[in-house]
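Both blocks below hold the same protein chain, though in two forms, and each is given as structure tokens: structure 1 and structure 2.
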Structure 1
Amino acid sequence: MEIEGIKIDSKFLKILSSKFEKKIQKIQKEVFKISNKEFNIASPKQLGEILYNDLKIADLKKTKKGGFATSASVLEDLAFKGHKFPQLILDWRQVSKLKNTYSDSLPEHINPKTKRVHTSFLLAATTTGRLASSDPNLQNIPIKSEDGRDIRKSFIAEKDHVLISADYNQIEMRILADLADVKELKKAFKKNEDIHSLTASQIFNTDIKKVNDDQRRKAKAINFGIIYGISQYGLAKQINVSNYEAEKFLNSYFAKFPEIKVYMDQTIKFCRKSGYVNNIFGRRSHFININDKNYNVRNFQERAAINAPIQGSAAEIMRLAMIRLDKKLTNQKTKMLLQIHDELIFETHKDEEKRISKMIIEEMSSVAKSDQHSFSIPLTVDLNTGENWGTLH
């Protein structure tokens, strides 16, 4: 399915590319100075040899195929221990990723007729029911770093138009609350509470108003981890605490939200028996290796089976919203341009911005309230507008 297409500012991207190139050159110089020789930083083999053999600053961590591991988490550990070299590699990777994957490549996707970038949305490419985006993938445009957000700023609206971004607030946690019938979570969403702060207050046994940033950050990691079926070991790595502490967090989490543990156990049990799981709307995800004799294969399938109804229900809600919005937007000066899983991007004429914004929020938040699928949690939608996708208000 190819849809409208979005305008990008290729001059701005060109400026970004040369800015990135300068950074890359500068970092390279420092890297070569430390390593005492020039090599291809992008070559995992050469980099690994320098890191492990020449500089001797890495413990022996290997990849699947037996090469030296140089992933970000390995390098971050080393950087944390005070080594300058790994941090330089991390910086180099970040900037060259932005340049190669985004600022250099996006302008090549501009359609000469429409002067816009048209992604392809794949409707049946995922196991959960999500869409996928390719050629180019516009579902992974950077936002987390400052330089990354600059890339996002190159996505712009036509003259006299603005971009609208509308996203579902915490949709997967809301679905988990509904799916597993989690009393405390449902209560919190009905009161529109900050869910990560609430989780923090529950597992750290403090008043919700006294939760600090670090506690909230850890609670957030746990909430996401739960959705993905994390282990105590994985959680410990993620939030940088001991295994013992991570185990304590998970225990008190399941004590406060016992229905979640029940949901997980039941989902796996059902999947072992049937080979599939259903989401709220009846879409099936198949996991035929759920009973595999190999521990890794089996555990991987179990985590995926826990996650699929949650991710899949969210995907389904978004699909329904898109269908409703598509109908509502016929004969309007507003086009639906992008879907990024829980977010929709529209381009609208300033004349109808207010009215359309109201309509989008109404349609998206009421989509799972119909007779066929009564959803026990309110869905809230955050909507922002702006001249570009990087700066929205």
Structure 2
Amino acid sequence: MEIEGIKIDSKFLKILSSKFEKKIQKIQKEVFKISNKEFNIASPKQLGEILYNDLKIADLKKTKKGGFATSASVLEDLAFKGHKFPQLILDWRQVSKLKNTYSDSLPEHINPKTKRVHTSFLLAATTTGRLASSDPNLQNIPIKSEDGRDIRKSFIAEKDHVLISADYNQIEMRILADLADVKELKKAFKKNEDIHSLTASQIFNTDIKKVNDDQRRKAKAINFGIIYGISQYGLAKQINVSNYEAEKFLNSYFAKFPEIKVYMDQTIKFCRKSGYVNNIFGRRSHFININDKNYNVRNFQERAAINAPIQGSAAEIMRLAMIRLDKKLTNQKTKMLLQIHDELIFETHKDEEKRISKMIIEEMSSVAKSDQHSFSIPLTVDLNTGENWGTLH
């Protein structure tokens, strides 16, 4: 994958950079209008003075080193309370990052000989076994924002070729259902039901057909949050409800899926005693500070210990799938180019597209059927094709 690289439309990126610059200027105008003066938005010191001394949006918060607290989490908290100014700063940071990290700098990474961008994949940079991409990092391009999707559109296929995206469908939720033996979730996955609608129907006590978009959105946040050991406070912030409501949702969730609570408690208990957890294939992740006296350190390690067997198993399944596919693609026109968490990107000639797409789905969905672990839930793969990465979702 590193040697193959991926083609990039540098002209399109140049247009994007110009669009982002206009957007940054527009946000800056709004920021300066509220602050009644111009300042360096990128400077935590100057931003802190405006935030705490001039606008007095919040009580003074300092970092451990004594500077003003202007981190994303601090600004998100203030924006969550309805303040426009911190939200504008967050927007400014996001667009500036996309411009500096991607639209401005990606063309500099184009290899003059291959005319493609070649990322490096780090094999042992994460505790869970996931691959990490660097120089440039192609795994962190946001997909939820329109600006992020625009960056993805700059990744293109060669002439007469298309890109294929093969994405494991809700693999971490499937692994959680398997690990914790969650009867309701396993049943739903086997029936190919929408898991977020099912969760919403369970926690809001409503018929699955009557679940509305807002209920499904909240259920989705809980499903994904559970995997990362989300707190009631974290959930409240994410779905824009009070701490009390978030706690109610979580309690209702555990009442409907009690096996998940048992899994979480047992995992923490095992890790406290052993100092590590295993994924379904036996890979260990060590958490030596899980019994730390400091609550924050201990809490972080507990959440990581709950997540490691889930994310680690997903990482292992992906690696096994890549090894299988690499063997199958020998002497084919199709090349595997990128791995982004639960998704693989391929480039294929149009005359191979149908045959290769079928083979990719077969190999990826059958990878967990092994002697090491009898996976109790089918793995499904969502496959999309297009001229560029942005059209694949």
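In this text, rigid core is short for the largest set of C-alphas that superpose within 1.5 Å between two forms. Residue positions are counted from 1 along structure 1's sequence. Bear in mind that the values here come from a model prediction, so they are computed numbers and not experimental data.
> Since only one of the two is the form predicted in complex with the DNA, can you say which one?
Comparing the pair, one sees that structure 1 is the form predicted in complex with the DNA and the remaining one is not.
> Quick one: once the rigid core is lined up, does Asp59 have its C-alpha move by 2 Å or more between structures 1 and 2?
Indeed, Asp59 is displaced by 2 Å or more.
> Comparing between structures 1 and 2 on the rigid core, is the C-alpha shift at Ile27 2 Å or larger?
Shift of 2 Å or more: yes.
> For Thr70, does the CA position differ by 2 Å or more between structures 1 and 2 when the superposition is done on the rigid core?
After core superposition, the C-alpha of Thr70 moves 2 Å or more between structures 1 and 2.
> Where the rigid core has been superposed, how far does the Cα of Asn36 end up moving between structures 1 and 2, given in Å?
Residue shift at the C-alpha: 3.5 Å.
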